[in-house]
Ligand SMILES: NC(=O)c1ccc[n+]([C@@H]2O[C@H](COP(=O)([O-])OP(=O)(O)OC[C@H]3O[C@@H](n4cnc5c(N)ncnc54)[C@H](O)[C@@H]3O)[C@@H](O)[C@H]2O)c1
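This document opens with one chain alone, in structure tokens, the form predicted on its own.
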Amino acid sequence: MPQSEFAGVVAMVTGAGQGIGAAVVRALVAEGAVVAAVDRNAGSLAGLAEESTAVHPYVLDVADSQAVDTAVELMEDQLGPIGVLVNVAGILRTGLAVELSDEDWSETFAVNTSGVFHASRAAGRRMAARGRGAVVTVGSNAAGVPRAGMAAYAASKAAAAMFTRCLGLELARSGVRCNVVSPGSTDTEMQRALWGEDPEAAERRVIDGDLEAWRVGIPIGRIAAPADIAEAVLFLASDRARHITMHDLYVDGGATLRA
């Protein structure tokens, strides 16, 4: 078998403790990468690190700019130059736009948008100086299609996606590619928290669509698995996508009709 291009590559993954982030970590490790796994939840990181010696946990809040800068410097000292950054860390605060609290709005943007900025700035400047690297931000299809009750989340993901594309434009001549993967409904803890006491019925509504919420269903007929999103992330981080930058890849089973 040919050696994976990720063998020995240092990858930083934020939001690594669960869901899509954990799936990305596992996929990178399977391809031979050394992973700096970042999350606020020390327990989740510890469990992930027990799965492989290639996983190195860093307990960190990406909303803290100085802490991110310090951690990235430490990662490179301990593990080597970061070749791949995957921004997954995110939170969801639901509620009607006119009823959202200042705290819900600011906390959502602090993690979902500023967190992407902090990590991308710290890793991106180092990648640019070395003339190589890949940044992949996990956004959401809600960034492109309005969702009732998700104004803060959708707006924060839209901002993160545009930031990543602007970063890609600025760093293109430096050999650094920056792309976005935008999942739709994915079987994660965040998704299941929306489903209430009857998850089976809730999942069916997501797949079939909900006219009361002005929401189209999923034409492909299934909820995504975290591994589905991880596969798209690895593709955009790989040399197979060497001529792709500033792209936003929707992985949502057709749920947005690519509007």
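All residue numbers are counted from 1 along the displayed sequence. Remember, it's a predicted structure, so these values are computed and weren't measured experimentally.
The same protein has a further form, the form predicted together with this ligand, not shown here; the description that follows concerns it.
S.K.: Within 4.5 Å of this ligand in the model of the complex, heavy atoms considered, which of A89, A122, V176, L167?
M.R.: The residue in contact is A89.
S.K.: Would G139, Y153 and S185 all count as contacting this ligand in the model of the complex, using a 4.5 Å heavy atom cut-off?
M.R.: Yes.
S.K.: So in the model of the complex, does any heavy atom of K157 sit within 4.5 Å of this ligand?
M.R.: It does: once this ligand is placed as it appears in the model of the complex, K157 has a heavy atom within 4.5 Å of it.
S.K.: With the partner left out here, check for me: in the model of the complex, does some heavy atom of L60 sit within 4.5 Å of this ligand?
M.R.: L60 belongs to the contact set for this ligand.
S.K.: Within a 4.5 Å heavy atom cut-off, is A161 in contact with this ligand in the model of the complex?
M.R.: Contact check for A161: no, nothing within 4.5 Å of this ligand in the model of the complex.
S.K.: Hey, in the model of the complex, does E99 get a heavy atom within 4.5 angstroms of this ligand?
M.R.: No.
S.K.: What stretch, of 46 to 54, 24 to 32, 230 to 238, 61 to 69, brings heavy atoms to within 4.5 Å of this ligand in the model of the complex?
M.R.: Careful reading of the contacts points to 61 to 69.
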